[in-house]
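Next up is one chain by itself, shown in structure tokens, the form predicted on its own.
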């Protein structure tokens, strides 16, 4: 990343909290592109939160320089710098004795906005972060953890800053709510196009959310900074490989969709296909069923075990599959289905493959072999 064009540019930044102790961050050079989401991830004590706090001058660097939106960080008073930066902290940090409306409007109020403008912005943000407008006059303690987190994001966006810093924003909510909030952040980013830096200890969260991931080691040393797919495909060193863990291949699947795979025709027949031909088709695909297609539609499937039961003497070979019981095909995915989800569909079904259907148009099948090939 070219530091001259970066929305956030850290150049040889070092932070020491004591003269004799080790550096919390060591000669860090890193750029964050405008409108991208960048995740800082690494073990506890690796300096990722310290780096985040240096960006908005909650902590001053010991050495090096930081530029925000092309300007030296210290060219403005800290409070003016922070007007261009929204900040979402780990424990949300809402004011407990203020209503949700006043929490969201806290920064605009400090900036001297009139009440009408603040209220209009609050109403806009409630819709933006998918929060029920009826909650605006309640207090933080009356909201769930997920709702409070949405309020925290709304408050950070209230003055429409171009940069958003998020320090482990979803660590305090349960996995189901966390996944939903992650989805909402990605949807939100499609609308607002902010430059976002998120600190997380969860490598799956980093891979799922970020355009680029910086993997930190102790001392604030970045071992690798790249797009998630590139990191998963080729870890820079043993530390990165160990940090990613043994499920690196599965994590790659989370970045792919079914559309990235090559489909196969599979055991597809028509209602007029003879049972004998259906048997050959099933045997070639190592299954005991055939899918029934008509034009570009998938009608369902029939079992050849039923043919064995109906014609044990083999007399039904000239019959067609239309004489068998048509059943709905349930192992179905879409082109935009994540491959990791598609793999789950395959391994939890008895079909050994999943049908790809796009707006009722049947395009073929994927198998575990196709998924494995997609990682090459």
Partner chain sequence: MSAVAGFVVGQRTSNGRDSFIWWDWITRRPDEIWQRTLEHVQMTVVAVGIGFVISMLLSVIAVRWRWTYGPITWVGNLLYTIPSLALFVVLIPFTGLGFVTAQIALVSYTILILVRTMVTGLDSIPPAVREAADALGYTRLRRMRSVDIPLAIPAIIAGIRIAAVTVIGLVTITALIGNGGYGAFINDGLNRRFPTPIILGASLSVLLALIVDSALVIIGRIATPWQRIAEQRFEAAGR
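Take the two forms, superpose them, and find the largest set of C-alpha atoms that agree within 1.5 Å; that set is the rigid core. All values derive from a computational prediction rather than experimental measurement. Positions refer to the first chain, counted from 1.
FYI, the form predicted together with its partner chain isn't displayed, but the following is about it.
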property: Three-residue site 212, 222 and 239 fully in contact with its partner chain in the predicted bound form at 4.5 Å by heavy atom; result: no
property: Residue 93 within 4.5 Å of its partner chain in the predicted bound form, heavy atoms; result: yes
property: Partner proximity in the predicted bound form: residue 310 to its partner chain, non-hydrogen atom cutoff 4.5 Å; result: no
property: Partner proximity in the predicted bound form: residue 82 to its partner chain, non-hydrogen atom cutoff 4.5 Å; result: yes
property: Exercise: residue 226 in contact with its partner chain in the predicted bound form, heavy atom 4.5 Å; result: no
property: Sole residue of 125, 107, 188, 232 within 4.5 Å of its partner chain in the predicted bound form, by heavy atom; result: 107
property: In the predicted bound form, the one of 343, 58, 319, 326 near its partner chain [non-hydrogen atom within 4.5 angstroms]; result: 58
property: Its partner chain in the predicted bound form: contacting segment from 140-148, 300-308, 168-176, 125-133, heavy atom within 4.5 Å; result: 140-148
property: Sequence-ordered residues of 25-54 touching its partner chain in the predicted bound form, heavy atom within 4.5 Å; result: 53
property: Large Cα move at residue 115 between the shown form and the other one, threshold 2 Å, rigid core; result: yes
property: Residue 144 C-alpha shift between the shown form and the other one of 2 Å or more, rigid core reference; result: yes
